[in-house]
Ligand code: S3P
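In structure tokens, the next block holds one chain alone, the form predicted on its own.
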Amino acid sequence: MPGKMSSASATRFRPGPLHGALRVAPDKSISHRALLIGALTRGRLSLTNLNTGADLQATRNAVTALGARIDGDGPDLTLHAPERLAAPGDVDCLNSGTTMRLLMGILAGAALPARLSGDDSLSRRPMERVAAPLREAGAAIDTVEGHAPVTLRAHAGLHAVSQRLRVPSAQVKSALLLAALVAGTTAQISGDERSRDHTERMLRYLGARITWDGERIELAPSPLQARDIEVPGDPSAAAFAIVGALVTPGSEVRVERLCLNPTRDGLLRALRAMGANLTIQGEREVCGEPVGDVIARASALHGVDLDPALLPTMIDEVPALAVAAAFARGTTHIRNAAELRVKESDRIETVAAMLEAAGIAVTRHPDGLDVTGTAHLHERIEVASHGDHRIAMAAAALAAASPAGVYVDDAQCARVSYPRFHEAWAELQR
């Protein structure tokens, strides 16, 4: 076990059951798209319950640089889309890969010059996977050895987008769709594996002529309508409260108005396969997205060989799933998760290190983990978050069922995606 952290600088998440109802942070993916796609409508629309974390600030700044006007400074605002997109100049995308990748598509479609940069973490993430197919459609884009900063140059215009995805990725296909939409051309994209379809749903909700079946997407030239958008709760943010309740005796948590998009519910399906007591109530559709309330109660879990096909629908929830596996009887095998190695941290490594710090047996693989559950955790558990918000939040779920809590060196990074995480967690443990 590593040397002891300074208690003064570390955050201690305490043990104990979780109770109550909460609305988790608004969905980041949908919030990004509401701002970016809303800016393409040439109209006025109200956006409610937007995520207000640092990643979304990057997108707000980018949308303003494109010429949009935003009235409001919180989760509810009014967006006035520009009649014509402006060249944004230098755009700092901070730590947001979604901002950078989707903006690449919009700028490529508009043939506008720009330079997109980010922090050290974002600058290590792969951008050529978006740049290469946009180049094939006629865009002029340069990366630095496949990474940011990304430079887009003016060009003669895109031709029809026809691509088979090299990597099934919601951000790659979204960039291609937005490029075609802005350029006024068609898009035919194949090779998807049911990655997140928030872009497709939002485009359809706003009037685009688009069809998709989980493998192939077709978009026809389509003007968008300015319609108001309400953002549901983020499944990735809810994962930690749900898992914390499942693994901690005496817990029951109700997560309200949660996004239940079938491309995002892989964690719920995986947890049910492990024996989780989960109930869904009040299912309905809001602005093109399925929404409902999820009730999680303490459960006796067992290990599973996780279906690799589930991973694209729960890639950001793997840190939470690993915590569930840590308290399950037997071993849980997680594969098809190589994408975790190019997130805000190498999450295969940082998740494994977190669990090992607690005394849990973990085997690393290039594309996943094997986690063997145990009832005997270390008394003092110290976790390095590596500035990764999902590791910090996973540590809180681990702490709830631990003997004496968990110390995290940088737990404030949770606010990147869930600004009120610490307050919400404290309310559940009151």
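These figures come from a predicted structure and were not determined experimentally. A residue's number is simply how far along the shown sequence it sits, counting from 1.
Another form, the form predicted in complex with shikimate-3-phosphate (S3P), is not on view; read the next lines as being about it.
Q) Just one of 392 to 400, 366 to 374, 64 to 72, 26 to 34 has heavy atoms within 4.5 Å of shikimate-3-phosphate (S3P) in the model of the complex; which? A) One stretch meets the cut-off, namely 26 to 34.
Q: Identify which of T143, S169, S123, T185 has a heavy atom within 4.5 Å of shikimate-3-phosphate (S3P) in the model of the complex; exactly one of them does.
A: Checking each option against shikimate-3-phosphate (S3P) in the model of the complex, the one that comes within 4.5 Å is S169.
(Q) If the cut-off is 4.5 angstroms on heavy atoms, which of these, T332, T98, S345, S251, is the one near shikimate-3-phosphate (S3P) in the model of the complex? (A) Contact check passes for T98.
Q.
Whether R201 contacts shikimate-3-phosphate (S3P) in the model of the complex should be assessed with a 4.5 Å heavy atom distance threshold; does it?
A. Contact check for R201: no, nothing within 4.5 Å of shikimate-3-phosphate (S3P) in the model of the complex.
Q. Can E289 be called a contact residue for shikimate-3-phosphate (S3P) in the model of the complex at 4.5 Å between heavy atoms?
A. The answer is no: E289 has no heavy atom within 4.5 Å of shikimate-3-phosphate (S3P).
Q. Looking in the model of the complex, any heavy atom of R129 within 4.5 Å of shikimate-3-phosphate (S3P)?
A. Yes, R129 sits close enough to shikimate-3-phosphate (S3P) in the model of the complex that at least one of its heavy atoms falls within 4.5 Å.
Q | 4.5 angstroms heavy atom contact with shikimate-3-phosphate (S3P) in the model of the complex for C259 | A | No, C259 stays farther than 4.5 Å from shikimate-3-phosphate (S3P) in the model of the complex.
Q | Heavy atom within 4.5 Å of shikimate-3-phosphate (S3P) in the model of the complex - qualifying residues of 300 to 329 | A | Counting only heavy atoms within 4.5 Å of shikimate-3-phosphate (S3P) in the model of the complex, the contacting residues of 300 to 329 are I315, D316.
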